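This document starts with one chain, in the form predicted alone, laid out as structure tokens.
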Amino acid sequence: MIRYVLKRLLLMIPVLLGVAFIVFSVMSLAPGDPARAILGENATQEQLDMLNTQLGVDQPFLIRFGTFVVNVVTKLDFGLSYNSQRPVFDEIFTRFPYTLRLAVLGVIFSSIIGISIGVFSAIKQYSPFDTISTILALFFASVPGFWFGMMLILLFALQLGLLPSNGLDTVKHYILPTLSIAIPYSAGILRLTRSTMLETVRQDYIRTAKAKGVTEWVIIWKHAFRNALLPVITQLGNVFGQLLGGAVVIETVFAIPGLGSHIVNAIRMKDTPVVMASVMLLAFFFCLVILAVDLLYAFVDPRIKAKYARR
């Protein structure tokens, strides 16, 4: 198992290099001039050329990318922000905890809602509970996140006055953004859990357990649920990765100073160091999440753990 983990950690290096090259290429090919975005439309060409030379954006692409990689590998230095002239990580680490907490809460609540309702829907197939939960899952899966967030603000913040509508200062501030993220994603987890549970309970070993007189509770939660959980774990890993990089809309709706909205502003200003550092940080955490998902397989399914041990 340790050798497998070390191998996966080493494989993260070419992945991060590939992400860095793609993002750097896109930012270099994108139209716009960082000096123009910083100085404004009234700046002279001489001022623009001077600032571009100071920022180093007038150098060839390969030289700029090579310098960036060398600085990151040797000094873990992503440079200064073009806009604020502050170290990039000083800006990122003040915003990333908001995005990380929001993503973690979203995954936790979406898994609790989706898995629990999905299991009971499979157990009570074609019942009114199954029909209602399936209809609601289809509805929330098709609802845009920003619309659902605004409806929650309209109801609980403006009409009822129970919850705040912006920021993440107290525990109450997390309720509406978490619900806006968790409920739409829980719809997909519910449908996947229901389908995998229905496929699992029709297997031969489930019928054998019923024939031996094993109680339904043990069959569902000890035998069927563990085998049906593997695709759901994969889905949860993908959801967490999507929330890390895709919570821009929710952060905008609830005025959350997170990393997603900061990346959007940096792209608009063509602030390449901020975009590079932010995307590589998200890619690093996503690689760790995928590794955690693979390791979680071993604890859920003993066959996978035995295969890792043999390797």
Partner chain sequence: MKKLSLLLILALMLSVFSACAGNSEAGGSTAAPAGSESAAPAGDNTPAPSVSSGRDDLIIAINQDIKTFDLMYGSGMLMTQLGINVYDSLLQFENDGTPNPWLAEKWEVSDNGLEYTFYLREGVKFHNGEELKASDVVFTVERGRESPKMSAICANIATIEALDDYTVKVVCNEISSTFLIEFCGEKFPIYNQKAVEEVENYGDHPIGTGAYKFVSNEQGSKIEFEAFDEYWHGAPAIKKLVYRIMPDNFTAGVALESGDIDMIWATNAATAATLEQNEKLVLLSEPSINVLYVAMNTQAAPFNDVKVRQAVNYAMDREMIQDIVDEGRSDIKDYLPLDTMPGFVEPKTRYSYDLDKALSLMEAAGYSESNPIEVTMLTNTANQKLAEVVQECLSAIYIKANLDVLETNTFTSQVYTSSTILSVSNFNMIYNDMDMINRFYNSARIDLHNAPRYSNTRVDELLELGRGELDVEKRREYYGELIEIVQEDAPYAALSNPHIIRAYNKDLNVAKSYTHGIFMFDVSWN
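The structure displayed is predicted, hence computed values, not measured ones. Numbering follows the first chain given and starts at 1.
There is also a form predicted in complex with its partner chain; it is not shown, and the following applies to it.
Using a 4.5 Å heavy atom cutoff, none of Gly66, Ile181 and Gly237 lies near its partner chain in the predicted complex. In the predicted complex, its partner chain stays beyond 4.5 Å of every heavy atom belonging to Thr196. In the predicted complex, Val57 stays away from its partner chain, with no heavy atom inside 4.5 Å. Interface membership of Asn52, defined by any non-hydrogen atom within 4.5 Å of its partner chain in the predicted complex, is ruled out. For the chain shown alone, Gly79 is not a contact residue for its partner chain in the predicted complex, no non-hydrogen atom being within 4.5 angstroms. This chain is drawn without its partner chain; in the predicted complex, the residue among Phe120, Phe225, Phe89, Tyr98 with a heavy atom within 4.5 Å of it is Tyr98. With the partner removed from view, the residue among Val72, Ile153, Ala137, Val232 that has a non-hydrogen atom within 4.5 Å of its partner chain in the predicted complex turns out to be Ile153. Residues of 260-282 that come within 4.5 Å of its partner chain in the predicted complex, judged by any heavy atom, are Arg268, Met269 in sequence order.
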